[in-house]
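A lone chain, given as structure tokens: the form predicted alone.
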């Protein structure tokens, strides 16, 4: 814990911070509820938005000082992909994992698979789905939260791993997270990839079955980041530092189960997520239910907020995101273009700065090997990272 009195003076103290109606907004709400923003001399107003496009646009035009963003969005917005161009950057990741793929019960039951007390095998599920589509000659309509999101990357990779033709067998839509369950119930879509708690909402409403958790598709994948514009950072470096410090302390608090149970109760309030606590607890506590009548499955890494250097914006992960997004972009970026974009958008130096003030260790290098570890491993002395495998393609 750092001493706020020793920090550089904040340029501004009243901040507008945007977030989405998702369980992994927990660090931002924890920082507010635990008085961490106030401890660092910041008066932060939290604003819930309905879509990622709204959140990004308000950040770009200056209506928000900072925002919870999808990990790919700073880079994609710098490219001008997705309808708007802006110079966005991040110096702090907000967590790893947190997503899942849910299918309608009609589709799930047609696969004739049962997993009463374990997590489904993602590869077996998608292979059965491919067989069913081939047998019936039908297509399937699936939704994701934004064209340039980890959700889209995970969903497309899962389908491709099962041999499903993305151009002929699937129709992909973009919907805001909180519209997923209603669209599933009305038969507009057959499934979706979304962050929690919306998979749990579908299960508890009896309209869907979770086919795969995000963790089982890409172990400890980057997910959300704290985004600001480059101009805002340059004008308010001390304020930005204080903001990161408060949120990092909140992330560390969330390593404790009782803190997660508490924040689920706080987030259930109307001013935050406005959802019952029981729908927020499964992913936050790692006791996750894949179907209505199944036993909870232990997935302690469903949300990772601090462990495994979860807040560090690895440039190697940013490179992976860019490579996996090239089909969505419709073009291949040169190595030089990718490097420049990553250096502009992902700032591990800012994480190290904050970690030094907190007295925490942080990686000395900006990149690590990716997709090579199936269990915990030591990156450097004192730096232990988690598994990083993602689903292999045929």
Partner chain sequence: MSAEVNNKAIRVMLVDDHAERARLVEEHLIAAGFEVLSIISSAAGLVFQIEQHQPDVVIIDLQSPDRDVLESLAIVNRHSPTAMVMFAHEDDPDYIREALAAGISTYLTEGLNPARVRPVIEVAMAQFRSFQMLRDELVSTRTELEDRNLIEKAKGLLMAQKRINENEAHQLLTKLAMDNNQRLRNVAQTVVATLSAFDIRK
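Residue numbers count along the first chain shown, from 1. Given the structure is predicted, the values throughout are model-derived calculations rather than measurements.
In what follows, reference is made to the form predicted in complex with the partner chain, a form of this protein that is not presented.
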Heavy atom of each of 163, 324 and 372 within 4.5 Å of the partner chain in the predicted bound form: no
Residue 171 near the partner chain in the predicted bound form, any heavy atom under 4.5 Å? yes
Given that the partner chain is not shown alongside this chain, does residue 108 nevertheless sit within 4.5 Å of it in the predicted bound form, heavy atom to heavy atom? no
Does residue 186 reach the partner chain in the predicted bound form if we count a contact as any heavy atom within 4.5 Å? yes
Partner contact for residue 148 in the predicted bound form: the partner chain, 4.5 angstroms, heavy atom: yes
Let me know the one among 340, 329, 358, 38 whose heavy atoms come within 4.5 Å of the partner chain in the predicted bound form, would you? 329
Within 4.5 Å, heavy atoms only, which of 32, 58, 368, 352 is in contact with the partner chain in the predicted bound form? 58
Exactly one listed stretch (91 to 99, 297 to 305, 176 to 184, 252 to 260) reaches within 4.5 angstroms of the partner chain in the predicted bound form by non-hydrogen atoms, and it is 176 to 184
Let me know which residues along 46 to 67 have a heavy atom within 4.5 Å of the partner chain in the predicted bound form, or say none if there are none. 49, 50, 51, 52, 53, 54, 56, 57, 58, 61, 63
